[in-house]
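Single chain ahead, written as structure tokens, the form predicted on its own.
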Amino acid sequence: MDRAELTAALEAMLVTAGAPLSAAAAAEALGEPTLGAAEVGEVLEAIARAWDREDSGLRAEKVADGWRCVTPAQLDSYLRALHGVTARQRLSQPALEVLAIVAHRQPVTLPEINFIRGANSASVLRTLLERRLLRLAGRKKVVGKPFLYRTSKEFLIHFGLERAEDLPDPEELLKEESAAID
């Protein structure tokens, strides 16, 4: 398989994949024994650079240990009109607070979340679990053995992150905010 055919095949995979496409999964799907994940990864990065143009309607974005095809934000209104989407599903303020706590303190228990928020978060947590933005991560080895919660792969995809560690440090954001006010 030459480079042009490989690029075309990977572009087609990106456009049609229902979930982030890892280089290893793409290499396996191509069925070329001499083609490794590293070479496929290089071509995926080249596709991302090629699609990263102002006049392009597609972008390749690295999220959740894989690549996905996305569209630029400025084309949102056209796509909403085409697909008949009138309203966005937004996360509530309590849901965003719980997500932030879990993302920065994971693994974390419900009592710890409640303590930080100063409010009962059980129903919000249940909703985030149903939406698959959070996942169970076992039980804490303390009296009562409460469940531990972590962010999920869906969380990474939803927020366009490759890893949870890519989140900004809250203390740095506060420093930047106070510096901007001064």
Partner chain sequence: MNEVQDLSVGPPVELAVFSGPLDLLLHLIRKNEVSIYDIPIFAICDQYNGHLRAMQELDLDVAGEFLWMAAWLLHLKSKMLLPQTAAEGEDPREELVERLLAYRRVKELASFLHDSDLVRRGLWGPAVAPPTAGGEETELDWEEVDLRLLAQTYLDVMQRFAAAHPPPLAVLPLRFNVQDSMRDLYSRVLDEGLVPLLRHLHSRSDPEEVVTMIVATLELVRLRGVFAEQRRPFAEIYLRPGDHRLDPEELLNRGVVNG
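No experiment lies behind these values; they were computed from the predicted model shown. Positions refer to the first chain, counted from 1.
Keep in mind that the form predicted in complex with the partner chain is missing from the display, and what follows is about it.
Put simply, A38 is far from the partner chain in the predicted complex: not one heavy atom of it is within 4.5 Å. Contact annotation for D52: none of its heavy atoms lies within 4.5 Å of the partner chain in the predicted complex. Contact between E42 and the partner chain in the predicted complex is not found at the 4.5 Å heavy atom cutoff. Although the partner is absent here, I157 is a contact residue: one of its heavy atoms lies within 4.5 angstroms of the partner chain in the predicted complex.
Using a 4.5 Å cut-off on any heavy atom, the residues of 86 to 108 that reach the partner chain in the predicted complex are, in sequence order, R88, Q89, R90, L91, Q93, P94, L96, E97, L99, A100, I101, H104.
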